[in-house]
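Starting off, we have a lone chain in the form predicted alone, written out as structure tokens.
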């Protein structure tokens, strides 16, 4: 089956109730099996520039690359192949944002978080930098699949604060990694199996800072049959709880399997392993 027939996507982004403009950028294309969410930071409009550059550069480059993957014999079905390509493209985007920040005084210090999901060969390849997140709802179980690159997460990991204290910490928005801040970047990439019925959520911290994970889970369970309404409701919940930040969500529902087509000799090699 083709990806548009097995992936359903819904996207919402909103400035919230406090910020004057929206520095989040989102991209989702079911035909490509690609979802990108970036949360910008910096001075006046600079965060918007950084997140826009990240999403546009990555969407453009992957839109050219992904159609060439199907049925390739050079390892394209290997998770390492996809992971290497993700890291390479994100590092290139990082350098472009960094150079723009260095050459334009009004963009000095700009940066952006990133979470990217690429659905390929019955898997999802997830790359992330910063504190934008990816969650999965599977058979009622709601799980965060990414781990924040943030000072708060480091404090939690080191036992310096409890999870309850973290909810009220002043360090919630201090990220330890972001695109565009340094010329070199460490990108975290993981591969997860995908099952029909899974719902995946990409979000900026404007959602998870405002809405408890259990409320997100219940919303997705209740509105699983209407992805557009579920995305709308999540944004409403964030704003109802204060809307202190821009809030963006991308929801993806997996409707079926999407294996990469393979030639007879590739199937034979797979059977011999």
Partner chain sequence: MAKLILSMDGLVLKEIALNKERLTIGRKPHNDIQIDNLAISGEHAVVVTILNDSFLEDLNSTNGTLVNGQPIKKHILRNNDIVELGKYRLKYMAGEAEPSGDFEKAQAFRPGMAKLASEMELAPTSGSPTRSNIGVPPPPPPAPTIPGAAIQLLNGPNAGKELELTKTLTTLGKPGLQVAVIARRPHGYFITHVEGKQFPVVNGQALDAQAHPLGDHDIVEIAGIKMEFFLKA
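Numbering follows the first chain given and starts at 1. Predicted model, so just to flag it, every value in this text is computed and none were measured.
The protein also exists as the form predicted in complex with its partner chain; that form is not presented, and the subsequent description refers to it.
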| item | value |
| --- | --- |
| Stretch from 80-88, 108-116, 134-142, 193-201 whose residues place a heavy atom within 4.5 Å of its partner chain in the predicted complex | 108-116 |
| 10, 52 and 231 all contacting its partner chain in the predicted complex, non-hydrogen atom within 4.5 Å | no |
| Proximity of residue 101 to its partner chain in the predicted complex, heavy atoms at 4.5 Å | no |
| Distance check, residue 222 to its partner chain in the predicted complex, heavy atom within 4.5 Å | yes |
| 4.5 Å heavy atom contact, residue 127 to its partner chain in the predicted complex | no |
| is_contact(residue 226, its partner chain) in the predicted complex, heavy atom dist at most 4.5 Å | yes |
